[in-house]
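So this first bit is one chain, no partners, the form predicted on its own, shown in structure tokens.
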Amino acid sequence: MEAGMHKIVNDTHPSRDIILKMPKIEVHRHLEGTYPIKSLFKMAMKNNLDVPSDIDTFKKTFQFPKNHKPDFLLFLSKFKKFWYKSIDDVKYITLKSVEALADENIFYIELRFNPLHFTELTNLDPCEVTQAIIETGDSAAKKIGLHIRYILTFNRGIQTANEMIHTYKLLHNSDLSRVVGIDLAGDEINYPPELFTPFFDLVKKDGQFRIDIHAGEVTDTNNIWTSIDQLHADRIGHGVSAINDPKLQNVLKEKQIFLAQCITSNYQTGAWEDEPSHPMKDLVESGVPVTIASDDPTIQDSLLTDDYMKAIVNFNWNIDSIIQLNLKSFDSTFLTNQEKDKLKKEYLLSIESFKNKFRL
């Protein structure tokens, strides 16, 4: 394990209820994949959408089936864009999504979203959408005592680099002071990172946002190397293939480029087809900077808590192991050093309260 993080093994696993109450750090979660299913159902009924009219069938239709074998196309099929009829729908589902983070005891989150996801079928203004999500999310976060920032996602299968540049410049008509990062997501096989170098050169030159690239999820490490060398990646989404490249692991350590890894998501998409052998354990214990994330918890029908439990059970970690990983994960955030230090102190107080409550 990384220097300063001694390896702690576990004799008895804590219950899921205890882990649910543990304060958590989350830097890789898509708003579009985190809507509370009951709120989504309510909005669908209001908008008279052609979807199942009973909640149980609705859930089965729009969530990945429990205990289903990995299926990337089935996973993708659960994402829909027809939910929204107005900007009020965007505000409503954002409000409910952020409020629900209290149920998971999320302490800090960098919540990502693609403004164009909400505009494709609605003709809404992407700047209006961006502003609505940030203002609504901030309001909900303040109410529940959550620390929140935002990441803007650009989808490589929807836009070219030049089109991304156009959208990026357009979005500057919004107040982006609460946005900390720019994310590249989507099909990394057919749209490799080098296609988007001009866009990320611009983002890097502007110096306003950090850069987060989905890479090495379903490809070898070439896409991770390119993301670092050409797209200026400060953080990598998933990066499971890094386990096969010791040279890359050394670079990740030297540059402190974190891998945000998602055990449940990686299994369901087929990025890693055996949860107990997920590379997170070996990467962490060899000193590679890794943070646990959820990705799309509603689509997956699985919370960040469940990924914590899988790490505990499969890797023989315990609560202190996860707390140490979360403390280190503050370095994965796109906050300033001053903000990181302040929040880390608050987090330690929150952890102390958590431990005292459960006599840990």
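What you see is a predicted model; the values in this text were computed from it and never measured. Numbers follow the displayed sequence, beginning with 1.
Same protein, other form: the form predicted in complex with a small molecule, not shown, and the subject of what follows.
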4.5 Å heavy atom contact, G270 to the small molecule in the predicted complex: no
4.5 angstroms heavy atom contact with the small molecule in the predicted complex for E26: no
Close approach of A185 to the small molecule in the predicted complex, 4.5 Å, heavy atom: yes
Close approach of F82 to the small molecule in the predicted complex, 4.5 Å, heavy atom: no
Of Y150, F209, F75, F200, the one that lies within 4.5 Å of the small molecule in the predicted complex (heavy atoms): F75
All of T264, K281 and D307 with a heavy atom within 4.5 Å of the small molecule in the predicted complex: no
Heavy atom contact within 4.5 Å of the small molecule in the predicted complex, the stretch among 45-53, 307-315, 294-302, 320-328: 294-302
